[in-house]
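Given next, in structure tokens, is a single chain: the form predicted alone.
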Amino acid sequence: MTDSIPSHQSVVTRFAPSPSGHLHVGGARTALFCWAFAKGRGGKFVLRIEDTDQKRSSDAASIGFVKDLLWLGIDFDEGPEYEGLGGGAHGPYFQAQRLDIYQRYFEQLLASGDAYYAFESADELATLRAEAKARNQPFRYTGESSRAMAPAEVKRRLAGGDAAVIRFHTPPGSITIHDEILGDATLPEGEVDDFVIRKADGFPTYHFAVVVDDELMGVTHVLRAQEHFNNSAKHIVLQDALKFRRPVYGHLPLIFNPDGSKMSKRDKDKVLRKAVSEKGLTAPPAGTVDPAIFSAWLKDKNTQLAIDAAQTLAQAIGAVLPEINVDDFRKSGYLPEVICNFLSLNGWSPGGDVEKFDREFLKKSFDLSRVVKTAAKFDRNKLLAFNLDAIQAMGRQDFIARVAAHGRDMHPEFMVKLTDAQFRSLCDASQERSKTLDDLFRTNTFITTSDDDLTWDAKAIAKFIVAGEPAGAVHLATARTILQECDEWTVSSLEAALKPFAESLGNVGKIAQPLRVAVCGGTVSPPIFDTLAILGKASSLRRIDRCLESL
């Protein structure tokens, strides 16, 4: 066995995602813990892109991961170059660009007899698996025939273009994994068979590339999800064969939904399918999803729509998809500092009943001794409460700035509709009731609807415009006459103008709700005088007129 990393060596951690889409919150939690562990000890945090699976990888996805990390405030000391960050002495940081490096170590293992070429086809391996299943035994690749193949025959077949992988010859004996979180575990002899380290396409497998990269990049501590725990056995035997030192391992608990199911992007598909079923849709709404793709999706529960198509369809039918990836939470208006705070509590505790803290506190406080072993439950209600508290605690200018930035990114059509003064007024009227930065935009769509396109909720019309004695429409018409005479259109002047009439009715709601329904289409908006001021005189009167005419 080779020596482990000496305790005096500077800490280096890494986060190595596969670029197959936006960053899952579980991956974000892993990155956050790796970052905090290294930064809190004066060490380095390395970002590495594991893109050797060419079918699942894309450059766009790689950039998406980087953007997600930086939005969370997780910077890296070494990694892909992006907006002034990254670079370093151990690059390149994309595994697909390191093939010549891996080849040197393939050749080393082949020369020492610790690895060999294997020529079995996919069909031959499938037959071996079926035979093992028929014997009610787990499939273990022995590699006896491949290892016994004469070197000249191997050379001849490679020269002839026969497809081959390279397998590692796992040495006999049990393998003990030491983990700083889970403790020691020993896998019996034969549990780890001769596994593939280079695929037929010439790319290394995850197991090989991660071992080589961790060594060459000086990684001292590997913190990753518990689903990788058994993989450590393969990594340990490779490290020993290559005479690499073993990093310190710490396997983090998985993050589950409250019902105990694993959080995954399939959760979105389940919600979308349920909404489609409840509405009885057999064809997609126009302009959402290609009908052929929609039909195939309906027939096969194992397929999923592309994320953009799923979001478009969900929006069209009023379905709210659960946030799974970091980008989902960003679009929903969660604050990155709140996400980091909340994710930290999913699998770790600072102790002392402390729950609210920032990234600096996490850096100073995070250690492996307080990481739990059992799966964490992702409590969305608690996250929303955290976000609400953070928004309520913001100063006015900070809230306006954060909402404006969110609006420019997510709702540009909204931002061009309002003047700066109108937007500030809307922020002032909305902060107390905003749980996310997106609430202001999501609950005030009446602002971006043109006066002539506004429609009214039938139940709201019945309750607040038609009902009553006299009917709400009568009060609305009187209020419209008063508003027509207002020369100054501000919150204070509008309130002063309508106050006497409201007092004469004995209940401000008798005029506030009819006005709200008329100008907004429903019963939810900022305070009515703020709403009128934001819309402006012309729009407010036009909407009241249309509402009255519709009766």
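Given the structure is predicted, the values throughout are model-derived calculations rather than measurements. The first residue of the shown sequence is 1; numbering continues from there. In this text, rigid core is short for the largest set of C-alphas that superpose within 1.5 Å between two forms.
Not pictured, yet referred to below: the form predicted in complex with the RNA.
Contact check for residue 330: no non-hydrogen atom falls within 4.5 Å of the RNA in the predicted complex.
Within this chain, residue 30 is remote from the site of the RNA in the predicted complex, having no heavy atom within 4.5 Å.
Contact between residue 122 and the RNA in the predicted complex is found at the 4.5 Å heavy atom cutoff. At the 4.5 Å threshold, heavy atoms of residue 372 reach the RNA in the predicted complex. Proximity of 129, 188 and 199 to the RNA in the predicted complex is complete: all three residues have a non-hydrogen atom within 4.5 angstroms. A single residue from the set 457, 379, 290, 451 has any heavy atom within 4.5 angstroms of the RNA in the predicted complex; that residue is 379. Contact with the RNA in the predicted complex, judged by any heavy atom within 4.5 Å, is made by just one of 322, 171, 138, 87: 138.
The partner is not drawn, yet in the predicted complex one stretch among 176-184, 472-480, 240-248, 300-308 has residues with heavy atoms inside 4.5 Å of the RNA: 176-184. Although the RNA is not shown here, in the predicted complex the stretch 506-533 places heavy atoms of 508, 509, 512, 513, 516, 523, 524, 525, 526, 527, 528, 529 within 4.5 Å of it, in sequence order. Residue displacement note: residue 70 has its CA displaced by under 2 Å between the shown form and the other one (rigid core superposed). With a cut-off of 2 Å and the rigid core superposed, residue 26 has a Cα displacement that falls short of the cut-off between the shown form and the other one. Relative to the superposed core, residue 522 undergoes a C-alpha shift of no less than 2 Å between the shown form and the other one.
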